[in-house]
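Take a look at this single chain, the form predicted on its own, given in structure tokens.
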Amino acid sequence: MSASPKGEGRAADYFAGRALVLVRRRLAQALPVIVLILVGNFLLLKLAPGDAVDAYIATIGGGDAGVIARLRAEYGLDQPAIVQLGLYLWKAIRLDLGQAVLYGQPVLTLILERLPNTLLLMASSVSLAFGLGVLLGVAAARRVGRPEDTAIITLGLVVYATPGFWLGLMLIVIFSVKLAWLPLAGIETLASTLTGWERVLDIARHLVLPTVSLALIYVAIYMRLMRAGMLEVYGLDFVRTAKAKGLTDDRIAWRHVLPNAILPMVTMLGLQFGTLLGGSVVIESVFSIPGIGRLAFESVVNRDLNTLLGIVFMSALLVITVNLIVDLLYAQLDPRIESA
């Protein structure tokens, strides 16, 4: 007998109300975290020698004291550190992240221009790592103790121990230099007039190598986590009951064991989003992708404090948003979490 429309509406209202409560709770916890991150990073960066004006003067070959003093006054670097911190926090509340000394444009505009490239790389990498980790984990768990299981675990350990930048360079040498199958660097062909699906395919070809380089490191983690979860669920009573009923191994694995074993991977997905942002710094630099990871590297080298703090602020917002989405998804998959 199907549920009545009134019952379905009540269930939808219940889940919506539960999600709203969870969102409010997480936002209340996130605000002090963001403030602490901004204050901590600001003070740590101020302790480092030099500033953005020193780096800028060095790149142009020097300048007189008057020019240096004028630049420091223009960017507010002549104020005491506590005053700079207060002004920065007040501006950050209004999403005014200041001017990028190195690029001569607003930091927020600069970040928003490069953010889509980083999000595209991270989305493709997470999708590949998660999907491949699930498949390999299921395959290893179903063949536990056999040569296939040992081979999958060994391959995962080798990939996990391989540095991402070295893997990226080797992929460039093989598939771009030797075989000439894929583009060498960038997010799309420069000065290209491609539009529509042609441009989508061009971007996809450019993303293959950086996506594989960033994803393979996390495949081993997801694979081992999935394998452990599958083996744990296989030992539960309901699996033995399903076997006693005569269900096939494939049906038990994919319909009964997998949905229960995949929950820890959802948690790990949210926890690793921050490390993915860190990994994108290396991968974007290797493949010359104009994303916020490469922008962060350039800001550190050139001591562009405003841009670096803006990237930290935006990264904190991204991590909090992703973890909020994961919490909502987890509460939907397992209502016991929300009840607790």
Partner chain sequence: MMHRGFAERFKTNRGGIAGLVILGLVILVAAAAPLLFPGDPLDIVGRPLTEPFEDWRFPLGTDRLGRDILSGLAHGARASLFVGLVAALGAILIGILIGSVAGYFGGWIDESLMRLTETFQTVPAFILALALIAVMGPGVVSIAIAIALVSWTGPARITRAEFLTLKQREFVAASRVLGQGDSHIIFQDILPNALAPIIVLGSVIVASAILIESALSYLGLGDPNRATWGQMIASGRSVFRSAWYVSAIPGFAILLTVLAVSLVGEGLTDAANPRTGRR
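Numbering follows the first chain given and starts at 1. From a predicted model like this one, the values you see are computed outputs, not experimental measurements.
Omitted from view is the form predicted in complex with the partner chain, to which the following refers.
Listed stretches are 174-182, 198-206, 235-243, 253-261; the contact stretch with the partner chain in the predicted complex is 174-182, by a heavy atom cutoff of 4.5 Å. Interface residue remark: residue 53 is not counted as part of the site for the partner chain in the predicted complex, having no heavy atom within 4.5 Å.
The partner chain in the predicted complex is approached by residue 162, whose closest heavy atom lies within 4.5 angstroms of it. The closest heavy atom approach of residue 90 to the partner chain in the predicted complex falls outside 4.5 Å. When the partner chain is considered in the predicted complex, residue 289 lies well away from it, no heavy atom lying within 4.5 Å. Candidate site formed by 44, 278 and 315: every one of these residues places a non-hydrogen atom within 4.5 angstroms of the partner chain in the predicted complex. Residues are counted as partner-facing when one of their heavy atoms sits within 4.5 Å of the partner chain in the predicted complex; in 293-310 these are 296, 297, 300, 305, 308, 309, in sequence order.
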